[in-house]
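Two forms of the same protein chain are encoded below as structure tokens; each is given separately, as structure 1 and structure 2.
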Structure 1
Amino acid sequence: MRIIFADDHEVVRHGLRFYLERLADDVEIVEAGTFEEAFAKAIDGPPPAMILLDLRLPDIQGMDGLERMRARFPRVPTVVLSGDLSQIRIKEALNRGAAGYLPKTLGGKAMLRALELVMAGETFVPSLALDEGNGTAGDYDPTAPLSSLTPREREVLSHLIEGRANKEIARALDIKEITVKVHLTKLFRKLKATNRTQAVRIALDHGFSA
């Protein structure tokens, strides 16, 4: 499985590569520091399974890179990696076909889980993009949905992010499965999530760390 990863900061690429390699046993990470390098490497070889694209590459403007990749590889999920959390930017990327928009503030494990969701056919969308407003993050508090969680609920959420079933969570925490379900009910209510996938998405978006 080939993943094209374009970012002009080698430190960023090196830091995320460790986690990207855990997406699959046969994953091949193809790094690039410019858009043209990434585009050439994507064409030269088997079709990529995913494209991870920084919006601020030195040789292309804004969404142009996303559009070119989407035009050349319409069936390949192209994920935007950016430090720009404005609603306008996020919505523009999604409207132009991005399979996800990952804030650079996400930790490595959170980034990995978000990409797993994308590979499973989900679209990862930061929840702030769904808020009404004037197109900027404004008074957005990145920790607000997580602040009311108890230590035990954070433990359960951590295992949920790792994709563990209720039985596995119960075994890991040495509690009953029914207790896990109670914690999940409380988690969903506090995060305003309706299911496990949405809870994970909200937690990742807000930089959750166990």
Structure 2
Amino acid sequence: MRIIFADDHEVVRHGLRFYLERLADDVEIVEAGTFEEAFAKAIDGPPPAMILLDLRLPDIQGMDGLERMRARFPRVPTVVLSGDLSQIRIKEALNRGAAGYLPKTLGGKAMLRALELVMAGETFVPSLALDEGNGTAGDYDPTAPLSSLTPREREVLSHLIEGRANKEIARALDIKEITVKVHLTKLFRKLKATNRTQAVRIALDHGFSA
């Protein structure tokens, strides 16, 4: 039984391997420090029984890795591993087909049980995801704020996060300042921000990178 496991921290890989080895007798753990490495190893060899993906890998941003894995291995349960506990990201991952969302804070026995659950074909949802108690367990919020942004808006946002002024952004993108403002107004609406500073905060909270 092959398990692909990508995390850029060796300590974490070492720690989690302890649990993975206890999942079955014939476990083969394939470790990777980057997404591309994990992807290559997943393709090259027998089909994996489970894929574990850290959300913060050096060569991908956000949920892209999850989506690529899902596209290539639609029937293999893919579990997202993260230190981030924000409800938004949990929902986002589950919406994109993750078979589970494992907080790194999860205790030993809970971690093992969660992994067994996933191997059994279930979806593991950390209790935090339902804290806000707004409905049945099934209806994850389909509005992942960051994913609704257009490429240009993303680009503007990245400059925003660097603290650049509209004028500077305009120069960098070779467009007029007023156009930057238009992008920003739309950006704020999508992120439910009322100003640029709030937008930066929200974007960083939701794991924006790049």
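Residue numbering: structure 1 sequence, from 1. The term rigid core refers to the most C-alpha atoms you can superpose between the two forms while keeping them within 1.5 Å. From a predicted model like this one, the values you see are computed outputs, not experimental measurements.
Legend: structure 2 corresponds to the form predicted in complex with the DNA, while structure 1 does not.
Positional change of K190 between structures 1 and 2 reaches 2 Å or more at the C-alpha, relative to the superposed core.
L157: CA moves 2 Å or more between structures 1 and 2 after rigid-core fitting. When two forms of a protein are overlaid on their rigid core, residues whose CA moves 2 Å or more are considered shifted, and K181 is one of them between structures 1 and 2. For A199, the Cα shift between structures 1 and 2 is 37.8 Å when the rigid core is held fixed in the overlay.
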